[in-house]
Ligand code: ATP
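Quick setup: one chain, the form predicted on its own, written in structure tokens, and binding and motion questions come after.
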Amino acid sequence: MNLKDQNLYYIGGVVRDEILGLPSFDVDLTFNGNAIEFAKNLPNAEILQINEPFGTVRIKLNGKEIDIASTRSESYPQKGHLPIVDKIGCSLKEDVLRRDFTINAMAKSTLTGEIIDYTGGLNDIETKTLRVLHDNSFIDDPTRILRMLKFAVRFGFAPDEHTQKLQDEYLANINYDMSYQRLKKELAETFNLNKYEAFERFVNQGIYKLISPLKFELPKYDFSGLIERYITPLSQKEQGHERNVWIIYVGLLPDISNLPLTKEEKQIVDEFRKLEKLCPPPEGGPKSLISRWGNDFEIYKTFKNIPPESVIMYSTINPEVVEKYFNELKDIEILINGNDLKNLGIEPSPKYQQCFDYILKEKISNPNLSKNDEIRLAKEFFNL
């Protein structure tokens, strides 16, 4: 991108990632002044979108779409909610001071390549430190606690002593009047990483209390491997599944009613709750629960038509039966269908499903059954 100006800067994550030697998928540009007026005066630039209240503009230049933000200062009249813009076109220093952590508060000149670091972000990257810019940071925006968790896990960084103290103080006195839409976004970004370490810290540090004050303890079973084997492949085949990784973690909490869930996300949690009631944890400590299910047919029928995310969540209660389902039962399918039964001269009736279940039980015992074998079993069921 050949867009150079003495007042134009790369800012935030793109600068951080370049220093860390990591690829960056988002390129944030800030103009020291009014970005909208700057864009209007750019030769050959097409204005695609303008957001006057926030001083942002999207342009198309040389075939690329580019977002440029004005430097701005903000304040939080309602703590925990979106800030309001106090001034468009403030100084670059004022702009970076509204951000979350020092490692995300650096700018880089598009003209000279100079790194502008008002807050000590370069040193904090060197020492792998996460540090807020002021003492009210978490009070203004508690989602920053989740962002700190995400950065800690992604980069192997840790908060400095004072930042950790500020987090602990906030979690001891949470303001539940907050934007749960923003909280959900940060939860998704954090747990879509599928790092069980993030979940351990989320629980052990009490960060989960941002969602609900109800007590929650860490499950003993690490299910991230199941997600890698059975959810990640789905996300590659069917768009949409990858975003549901986060709900496998967060949906385990006893109350997530504050979160604005989609219909699909709610179904995943609801099906898990049904499984909890169907076969709850045994009293007296963990043990194998497979015997409580009766047989493989019952396991198959219970899990087959519910989201795989719900099944993985249930592994926190019964890992043995979930492993058995995914490893031995999940891919079993009967080949015969209603048309095949009609061709045998059998009129449609509720007995169709009984026949299919009869064949399925046999196929679970012998997955190598052919379609001819299934037709033979159908004849046997109907005494043909």
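These numbers come from a predicted model, not from an experiment. One rule holds for the numbers: they count along the sequence shown, beginning at 1.
FYI, the form predicted together with the ligand isn't displayed, but the following is about it.
- Listed residues K274, H81, K301, R154 were compared with the ligand in the predicted bound form; R154 is the one with a heavy atom within 4.5 Å.
- Though the ligand is absent from this view, in the predicted bound form it lies within 4.5 Å of a heavy atom of just one residue from K266, K87, K165, R182, which is R182.
- In the predicted bound form, the ligand sits within 4.5 Å of a heavy atom of K150.
- For the chain shown alone, D28 is a contact residue for the ligand in the predicted bound form, at least one non-hydrogen atom being within 4.5 angstroms.
- Proximity of R16 to the ligand in the predicted bound form falls within the 4.5 Å heavy atom cutoff.
- Within this chain, D141 lines the site of the ligand in the predicted bound form, having a heavy atom no more than 4.5 Å away.
- Checking 173-181, 119-127, 91-99, 215-223 against the ligand in the predicted bound form, the stretch whose residues place heavy atoms within 4.5 Å of it is 91-99.
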